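Below sits a lone chain in structure tokens, taken as the form predicted on its own.
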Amino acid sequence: MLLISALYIENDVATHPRVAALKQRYANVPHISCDRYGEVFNPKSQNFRLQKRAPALIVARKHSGRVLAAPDGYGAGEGEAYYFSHMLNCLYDCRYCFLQGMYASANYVLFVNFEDFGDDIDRVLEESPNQEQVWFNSGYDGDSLALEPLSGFVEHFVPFFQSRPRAMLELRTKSTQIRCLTALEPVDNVVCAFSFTPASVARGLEHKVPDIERRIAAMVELQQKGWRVGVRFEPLIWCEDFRSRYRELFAQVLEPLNADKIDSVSIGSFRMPDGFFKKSRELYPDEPLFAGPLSSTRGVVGYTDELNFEMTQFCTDEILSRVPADRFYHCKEALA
């Protein structure tokens, strides 16, 4: 069970059935009422690093901005692309993650009004009648699967999308929490996409994340049970012996999978808005990642153009030697 220091509850959702279950689950931690989650989540004086050690869970209602247009180049679909976030912040603690620079708080926010999200998804579909497929991406502001035992997100939304075949759902994750999917029959318009960096990079930068072997095993199990599986080598992180380490990673991750049944494989360079980068560097001033060969262009920090080209070209060639070209794409917005 996820350990939390306190359970904050918006008054507006105090009697919601999902909140009642959480109250029972966390009967032994303080229950604190609030009018709006921002009272707890948004104050600027919070210590993100300290909170990350013992975060609280805030349950709330998302009133607006529930379904948003995805950034250009984000996602694998050919149709329109959107994203929606039932949670803010992540169980994991990746040093390259933009969330640490975006939010003042490391506490988790769970929006429990899933039905309102569903209404907005239906509205998007109604307004896009000429689109054969419309993609909805989950996992932009937090991992899609990691907190499933307390959120019930997959349990609710997989059947929702199953009844809307024009809507494609991508669950972006680093989690091995797949029982929520293996307990269900595979759904053709749901893709579970796992993110990877080389083991040496993951050990230094991806704190609390399940190791690569366990994530690969989860992918293999899902694929064998008929689920569509995607692979995300995002963000690309420059490291010593980059070519050998990424060549080894591609073999390690892709060889156990049935290449003909991989939904998609993507790469995406490390990128972070200037303001988020500055705050992240202040949080972790000794982090070698932030002292790497980076530059700022048009308000976004990333690797130099020359190095970025070298990395993406090498990775593209290596991946295309292993998977069909129509399954590969380059994500322009790899922020996490």
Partner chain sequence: MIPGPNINLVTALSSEAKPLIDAFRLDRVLDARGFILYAKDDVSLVVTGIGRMRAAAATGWLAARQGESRSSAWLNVGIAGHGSRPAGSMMLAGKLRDAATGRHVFPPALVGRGLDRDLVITVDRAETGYSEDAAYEMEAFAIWDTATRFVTGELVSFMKIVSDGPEAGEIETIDRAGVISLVGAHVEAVSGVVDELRELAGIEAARTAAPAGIDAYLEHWHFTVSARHELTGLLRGLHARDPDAELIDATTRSCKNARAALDALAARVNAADTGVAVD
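Since this is a predicted model, take the numbers as computed values, not measurements. Numbering follows the first chain given and starts at 1.
Beyond what is shown, the protein has a form predicted together with its partner chain; the following relates to that form.
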Fill in the blank from the handout: Partner contact check in the predicted bound form: of 112-120, 149-157, 217-225, 236-244, the stretch with a heavy atom within 4.5 Å of its partner chain is 236-244
Practice task
Determine whether any heavy atom of residue 27 comes within 4.5 Å of a heavy atom of its partner chain in the predicted bound form, and answer yes or no.
Solution key: no
Practice task
Answer yes if any heavy atom of residue 299 is within 4.5 Å of a heavy atom of its partner chain in the predicted bound form; otherwise answer no.
Solution key: no
Problem - Partner contact for residue 42 in the predicted bound form: its partner chain, 4.5 angstroms, heavy atom - result: no
Practice task
Although its partner chain is absent from this view, report whether residue 3 comes within 4.5 Å of it in the predicted bound form, heavy atoms only.
Solution key: yes
Practice task
Residue by residue through 30-51, tell me which have a non-hydrogen atom within 4.5 angstroms of its partner chain in the predicted bound form.
Solution key: 30, 32, 33, 34, 39, 40, 45, 46, 47, 49, 50, 51
